[in-house]
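Taking the form predicted alone, here's one chain by itself in structure tokens.
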């Protein structure tokens, strides 16, 4: 490994240290109680090192949010690029979101934390940056619906609005998993989740 590659690896390791520390503190104390000093202590790094990579704690949490969205985008894009019919792709996209919440719970929890927050956490430039990552995912869902409309499988709908409804619905359904001992007592969450996705897609079919 050359000097350039070694330095790049070291930078990546430092970033991961910072992000892992910030993620841990977020769920222990909430964002308001977190400072750069606390992140540095948790990461066992100097404060100056933190500031070398990020201007403030908002940039750190925006980076966490973006990383999660990029991982999710890669899963959805992989489904979009396959040769299956649009309705099959859409169902797989819905299933992939549930899998993402289980396989990458660390990033899913970050996304959920900021989605559910009633406060304005990020300044406009960071919010815009994060929203662009989210919009890329919505665009893939929307394109899948448009492909289905063009193929005569789906009826004509506003694909952008449907994609927002689709993502919002599956996100809410994932959260319902927490209610397994109350509302979902005696029910199979995965079966309800799949039933809901099928019902959404059934509403798209051209009669």
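Positions refer to the first chain, counted from 1. Quick caveat: nothing in here was measured; it's all calculated off a predicted structure. By rigid core we mean the largest C-alpha set that fits within 1.5 Å across both forms.
Below: the form predicted together with the DNA, not depicted.
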Query - Single option in 179, 151, 164, 47 placed near the DNA in the model of the complex, where near means a heavy atom within 4.5 Å - result: 47
Query raised in the report: Among 175, 29, 158, 37, which has any heavy atom within 4.5 Å of the DNA in the model of the complex?
Result: 37
Query - the DNA in the model of the complex: contacted by all of 75, 108 and 112, heavy atom 4.5 Å - result: no
Report task. Specify the contacting stretch among 166 to 174, 142 to 150, 62 to 70, 29 to 37, defined as having any heavy atom within 4.5 Å of the DNA in the model of the complex. Result -> 29 to 37
Query - the DNA contact in the model of the complex: residue 14, any heavy atom under 4.5 Å - result: yes
Query raised in the report: For 54 to 72: residues with a non-hydrogen atom within 4.5 angstroms of the DNA in the model of the complex?
Result: 56, 57
Query raised in the report: Rigid core fitted, then: does residue 17 show a CA shift of 2 angstroms or greater between this form and the one not shown?
Result: yes
Report task. For residue 157, decide whether the Cα shift between this form and the one not shown is 2 Å or greater, given a superposition on the rigid core. Result -> no
**Report entry** Sense of the change in Cα distance from residue 16 to residue 103 in the model of the complex - at least 3 Å versus the shown form
**Finding:** farther
Report summary line: Evidently the Cα separation of residue 106 and residue 10 changes by 3 Å or more in the model of the complex, so the atoms lie farther
